[in-house]
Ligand SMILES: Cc1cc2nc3c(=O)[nH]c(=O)nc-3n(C[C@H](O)[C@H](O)[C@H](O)COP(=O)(O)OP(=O)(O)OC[C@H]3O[C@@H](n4cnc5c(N)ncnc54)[C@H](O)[C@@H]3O)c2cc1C
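Given next, in structure tokens, is a single chain: the form predicted on its own.
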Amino acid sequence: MSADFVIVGGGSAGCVLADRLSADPSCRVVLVEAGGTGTSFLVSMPAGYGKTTGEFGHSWHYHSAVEDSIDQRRMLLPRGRGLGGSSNINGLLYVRGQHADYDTWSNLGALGWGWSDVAPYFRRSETYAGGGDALRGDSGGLRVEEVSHRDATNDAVLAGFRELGVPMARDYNGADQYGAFYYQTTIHEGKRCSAADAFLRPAMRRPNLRVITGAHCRRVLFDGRRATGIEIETRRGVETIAAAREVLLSAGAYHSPKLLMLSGIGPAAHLQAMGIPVLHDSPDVGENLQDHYILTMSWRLRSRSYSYNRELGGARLLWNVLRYAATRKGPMTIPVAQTGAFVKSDPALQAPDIQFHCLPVTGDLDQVMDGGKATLSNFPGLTLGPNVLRPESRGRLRLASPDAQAVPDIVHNYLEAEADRRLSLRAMRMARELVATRALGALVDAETWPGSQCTTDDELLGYARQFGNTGYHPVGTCRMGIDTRAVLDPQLRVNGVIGLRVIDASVMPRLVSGNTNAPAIMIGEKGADMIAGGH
């Protein structure tokens, strides 16, 4: 089998690449995905992320190595499995980040990736329900809408932010991120709009695009230093796919560096220890790993307050699922957070450095300590999940084995940097300030996690280490730049070889100020244009 371009990974960026490259009828494109088709009722139903994220089926159920910085925990690290990738299981929030994030990329050596360079690709990819303008798109495949299901508790959250002096944001994905808001989501007519829905499935009608599922990529093949194709493993056995022009890795921040190392590109000493011949010594492959760290806090609400705890359990859950199946409305359309805010830890700052995720539902976190999953509390509750927007802590990824299907050795080092600990404390105290406002104080009965007995810095940090969670935003492990250690050049070409690019969230020099699905799609859009311009 052969093609002009071979794409490895059917996630957010890979779906965009397959669509844009196959739009040229003379260009033969093959996309390979290790998972399945990525279709099911649970994936389509927005609130289904509660099942698909934490359980086997639509997710690769990975764990980190022991994380010393968070009390020896092994963090569960789900990644999307199937066409659509993690856009199938994410919390459905559409967040671009701050304009300055991309100017920082450019200053770090990712030339051509400043805000003015990337803004047209964000606009091109979306159709925003609020209407198009100079920054927002009105004809792209990705459908973006504001939260439709609203309630008095979420309204009180926004009123509480106003009491604290945080303005209401007109469009946090527009000119200015600062403020509080109802989140924008990748939901259309009550259904999840994944990257596969938005880009890949419409393109699959083209005869020049072939999509292969259930195919694990074992390595990239080379003739000298030129990438010539890939080796895959399916139920039929081991096969090869030749690439006449380029191989494009879009396997994500955990798997793209893993594939580079399996193919002989990475830290030489590590590859030699794994018994892998070194093609190119690239010491930063797998380095620079970054993620957001969510600081989950919760409160019991007074009995008459609106909460999803009643709606998402027992007979009410069955009723709401049936209601959703019939009408595409109701509580099963909610994303991971309905309201939120981008706030400043210090009013003197020019831009927000903390993000809030807010949802009127709570879980019992005791089971998390035993490696289990939180269950719904038996009382009405409110959860606030602040996180530091631009963490300084850095992790790394290495091969655990030369076996292509082995889970890599992942360490995030959450909260390792002093700046992250300091800002996390400020974020948790800001959450308490929010609950103490008149608007929210009238609804709240008591703090349940971490609880009012947890007051000192040491106590709050101890709680953060024990109960904080991944933001599901791993990036940075195949960093682009112009320095000698950069894994990629700013055209996303792998340094040291020819005919191989990485195009996904792993290319980010630094984590953006917010959720990462929209930036990953943007990277796919811009990467496709770079390829077209180069050929």
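Just count from 1 along the sequence shown to find any residue number. For clarity, every value in this text was computed on a predicted model and none was experimentally measured.
There is also a form predicted in complex with this ligand; it is not shown, and the following applies to it.
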| query | finding |
| --- | --- |
| Selected contact from His270, Lys329, His216, Arg316, since only one has a non-hydrogen atom within 4.5 angstroms of this ligand in the predicted complex | His216 |
| Gly527: touches this ligand in the predicted complex, heavy atom cutoff 4.5 angstroms | no |
| Partner proximity in the predicted complex: Leu259 to this ligand, non-hydrogen atom cutoff 4.5 Å | yes |
| Contact test in the predicted complex: Ser282 vs this ligand, heavy atoms, 4.5 Å | no |
| Interface membership of Ala3, this ligand in the predicted complex, 4.5 Å heavy atom rule | no |
| All of Gly10, Leu93 and His473 within 4.5 Å of this ligand in the predicted complex, heavy atom check | yes |
| Stretch in contact, per heavy atom within 4.5 angstroms of this ligand in the predicted complex, of 500-508, 65-73, 39-47, 487-495 | 500-508 |
| Members of 17-34 lying within 4.5 angstroms of this ligand, judged by heavy atom, in the predicted complex | Val32, Glu33, Ala34 |
